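The data below hold one chain only, encoded as structure tokens and taken in the form predicted on its own.
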Amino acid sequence: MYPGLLDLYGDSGNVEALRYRCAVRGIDLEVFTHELGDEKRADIADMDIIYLGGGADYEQQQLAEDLISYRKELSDAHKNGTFMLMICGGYQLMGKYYKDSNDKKIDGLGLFEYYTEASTDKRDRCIGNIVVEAELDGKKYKVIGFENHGGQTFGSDKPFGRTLCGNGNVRGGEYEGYMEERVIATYLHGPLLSKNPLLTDYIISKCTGIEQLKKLDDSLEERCRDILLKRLLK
């Protein structure tokens, strides 16, 4: 949703990562987009996955009213088991509200109980590489990304993972994001999925119901991950 507005730090690359890893396995993937000003879609709750990328305060203000008009459809999708992947601004807008650095409150969908508030000091931001230890189907996995957010998110009782490097939901925080079996909400840009192939496959598996996906050659990705993890967790 809103790929023209929510595409900070190459977040649209997450869709490309899903598209590529499905294609090489012969899994059909059809991507539908909804932009601000488009006719309202009636089939949101029928999608296998709903994706919102990251955007700054201005973009969030622009689309907030349109997004709220989909509250019922998105709530139904969540109840129906649609996978929801939400990055940064998308993460924030699914909570109760987001209060920006100008102290302006933007209502969220209230789909989840967390909320976000930013410091009025615009220089007070959490910026840099980040590593989060998440649990995917009972196995721990180090997720690598990049965070840049002024908002501090509170009330996430089901975090995406434990922060090993970086900040997370709050400055110097112990935990990052929000997660359910079919929901991942996180501040990690990068794009997230190209840096974390196992996470991409976790999402594909949940969306398709295929428990054992065809193994791909991820040797290059894993070499890159090894270098980054050694650098960031030294």
Partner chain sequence: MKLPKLVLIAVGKLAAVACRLVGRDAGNFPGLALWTIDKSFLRCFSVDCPVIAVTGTNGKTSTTNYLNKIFSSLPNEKCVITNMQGNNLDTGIGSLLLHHCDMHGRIHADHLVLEVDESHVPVIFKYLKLETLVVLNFFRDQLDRNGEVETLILKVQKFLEHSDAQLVLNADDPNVVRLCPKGKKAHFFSVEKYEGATDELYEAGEGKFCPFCAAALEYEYYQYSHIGRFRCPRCGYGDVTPETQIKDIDFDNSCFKINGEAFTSKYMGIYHLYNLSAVYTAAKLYNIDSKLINDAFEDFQVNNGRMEVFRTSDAELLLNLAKNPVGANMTLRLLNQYKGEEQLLFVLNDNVADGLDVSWIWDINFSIFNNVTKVVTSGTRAYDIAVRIKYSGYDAQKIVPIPDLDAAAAEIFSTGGRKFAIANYTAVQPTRAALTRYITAKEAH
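Small disclaimer: the values here were computed from a predicted structure and weren't measured. Numbering follows the first chain given and starts at 1.
We do not show the form predicted in complex with its partner chain, though everything after this point is about it.
J.: 40, 47 and 82 - do all three of these have some heavy atom no more than 4.5 Å from its partner chain in the model of the complex?
T.: No residue of the spot touches its partner chain in the model of the complex.
J.: Looking at the partner-bound form in the model of the complex, is residue 57 within 4.5 Å of its partner chain by any heavy atom?
T.: The answer is yes: residue 57 has a heavy atom within 4.5 Å of its partner chain.
J.: Is it the case that residue 231, even though its partner is missing from this view, gets within 4.5 Å of its partner chain in the model of the complex, heavy atoms only?
T.: It does: once its partner chain is placed as it appears in the model of the complex, residue 231 has a heavy atom within 4.5 Å of it.
J.: Do residue 17 and its partner chain come within 4.5 Å of each other in the model of the complex, heavy atoms counted?
T.: Residue 17: contacts its partner chain in the model of the complex.
J.: So, residue 190 and its partner chain: in the model of the complex, are they within 4.5 Å at any heavy atom pair?
T.: Because a heavy atom of residue 190 falls inside 4.5 Å of its partner chain in the model of the complex, the answer is yes.
J.: Pick from 167, 61, 208, 194: which has a non-hydrogen atom within 4.5 Å of its partner chain in the model of the complex?
T.: For this set of options, the contacting one is 194.
J.: I need the one stretch from 109-117, 158-166, 145-153, 72-80 whose residues put non-hydrogen atoms within 4.5 angstroms of its partner chain in the model of the complex.
T.: Going by heavy atoms within 4.5 Å, the stretch is 145-153.
J.: Relative to its partner chain in the model of the complex, which residues of 201-234 have a heavy atom no more than 4.5 Å away?
T.: Residues within 4.5 Å: 217, 218, 220, 221, 223, 224, 227, 228, 231.
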